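The chain that follows stands alone, in the form predicted alone, written as structure tokens.
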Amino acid sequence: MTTFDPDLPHRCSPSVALRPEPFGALAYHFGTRRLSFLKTPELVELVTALGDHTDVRTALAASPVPRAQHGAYLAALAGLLEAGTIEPADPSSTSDGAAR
């Protein structure tokens, strides 16, 4: 099992399909056949933007999530990593190409 490290890059798994819903989104993993709920539109935006940033903290800072809620969103992302919805990403694969 991979430990969640918000100082490293992550991305939405390519094996996951997100279906927008009024509350956020349903995330279906085609490999595990697991269904997860992303309970806020802000979490959906964050998950879809993870791959565009050099690390999770940078993605969270760029998101509309209020700073006071960052801890809760980091915990949610840790659960999504455990579920396979998100996964670690190669640092060179971020859109800005910045490697750590």
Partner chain sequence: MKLVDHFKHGLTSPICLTWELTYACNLACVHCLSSSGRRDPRELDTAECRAVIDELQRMQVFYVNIGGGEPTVRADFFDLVDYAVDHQVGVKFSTNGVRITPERARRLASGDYVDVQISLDGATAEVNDAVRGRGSYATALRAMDNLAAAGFGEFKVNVVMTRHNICQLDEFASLADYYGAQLRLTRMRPSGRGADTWEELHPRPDDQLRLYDWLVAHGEKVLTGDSFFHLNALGETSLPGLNLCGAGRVVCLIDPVGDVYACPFAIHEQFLAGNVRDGGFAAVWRESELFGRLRAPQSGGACASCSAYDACQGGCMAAKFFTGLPLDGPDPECVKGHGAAALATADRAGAPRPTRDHSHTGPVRGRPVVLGMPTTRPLPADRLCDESPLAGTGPR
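Positions refer to the first chain, counted from 1. No experiment lies behind these values; they were computed from the predicted model shown.
Omitted here: the form predicted in complex with its partner chain. The next part is about that form.
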Practice prompt. Quick one: find which of 56 to 64, 70 to 78, 42 to 50, 29 to 37 has residues within 4.5 Å of its partner chain in the predicted complex by heavy atom distance.
Written response: 29 to 37
Worksheet item: Quick one: is Asp90 in contact with its partner chain in the predicted complex, heavy atoms, 4.5 Å cut-off?
Response: no
Discussion item. Does any part of Ala83 reach within 4.5 Å of its partner chain in the predicted complex? Heavy atoms only, please.
Written reply: no
Item to complete: Pull the contact list for 2 to 30: residues with a heavy atom within 4.5 Å of its partner chain in the predicted complex, in sequence order.
Response: Ala17, Leu18, Arg19, Pro20, Glu21, Pro22, Phe23, Leu26, Tyr28, Phe30
